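Let's start with one chain on its own, the form predicted on its own, as structure tokens.
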């Protein structure tokens, strides 16, 4: 842990932003110095809840008076690009953003490129790829503990393939240590396939990876809902929790579940947000990389766009990276615009931490 106490700003402090605020007020090496939120009543309540006096209605006002070390961007997706670029150009050391990173692929490119140009650590947010146990399982796969991978599959790639679906893509890329370079997809129902967003869209298909692996994609849940990777005698299964590990076979030929014996870690109460934030802070200190990055979120968006494009064109193979960076896939309205704008506002009582 760094001996530096990082000055943190939370921009967009709705329900998810408040989870970040709780974490950053708990860690001994961070302090929240500013909050920006466009709801003035909620802003006041949050200032009292987290002991923050510097409260602003927008990022421009905040950056005009405060230059934090770290900014957590937890706005609806529609506003993320402008906030990330403003913070990077202002001289912030590290920026994290939530999922999905954007709707238009070129916007995600601009965010990643701007942060790289300014030397800013650009992290992703609350994704299970950053779970300590997921990272440990990946390290063991890459170290060869289970042998060479020979197959992979994704289960439940549907409902919202750019929002929730970026969880699947991020874990798949991590476990296989490879990129997806071709997508073939079938999409249902027709009305979801025709829309500009991903709400209700179910994708079945196949991903080809740069490692040579072929990954079957199931749009609906099978007996699991996440990502499987396997070797000749082992299976690692992420199913929205700590990965299960199976090694060898019993007398009936069924896989045998083993105790993974994952290492313990502090601040478990924040779930996989802990791995996301702690690895991010370590990277800002100059040691390693965030366990989920802005680049990872961009890759997930690109795969989702490619999947819908393939399905719309009649299940044709689509090569990645996509040449047309103007392609887009919008998330469902709640993710794109936030709860205040879509009929699911947070009560002040909840914002005060009383629910």
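Positions refer to the first chain, counted from 1. What you see is a predicted model; the values in this text were computed from it and never measured.
Separately, the form predicted in complex with a small molecule exists; it is not shown, and the next lines address it.
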**Report entry** Contact segment among 110-118, 258-266, 171-179, 97-105, judged by heavy atoms lying within 4.5 Å of the small molecule in the predicted bound form
**Finding:** 97-105
Query raised in the report: Heavy atom to heavy atom, is residue 38 within 4.5 Å of the small molecule in the predicted bound form?
Result: yes
Query raised in the report: Can you check whether residue 11 is within 4.5 Å of the small molecule in the predicted bound form, heavy atom basis?
Result: yes
Query raised in the report: So, in the predicted bound form, is residue 126 in contact with the small molecule at a 4.5 angstroms heavy atom limit?
Result: yes
Query raised in the report: Does the small molecule come within 4.5 Å of any heavy atom of residue 276 in the predicted bound form?
Result: no
Report summary line: As a check of understanding, the residue in 130, 281, 217, 74 with any heavy atom within 4.5 Å of the small molecule in the predicted bound form should be identified as 74
Report task. May I ask whether 29, 70 and 290 all come within 4.5 angstroms of the small molecule in the predicted bound form, judged by heavy atoms? Result -> no
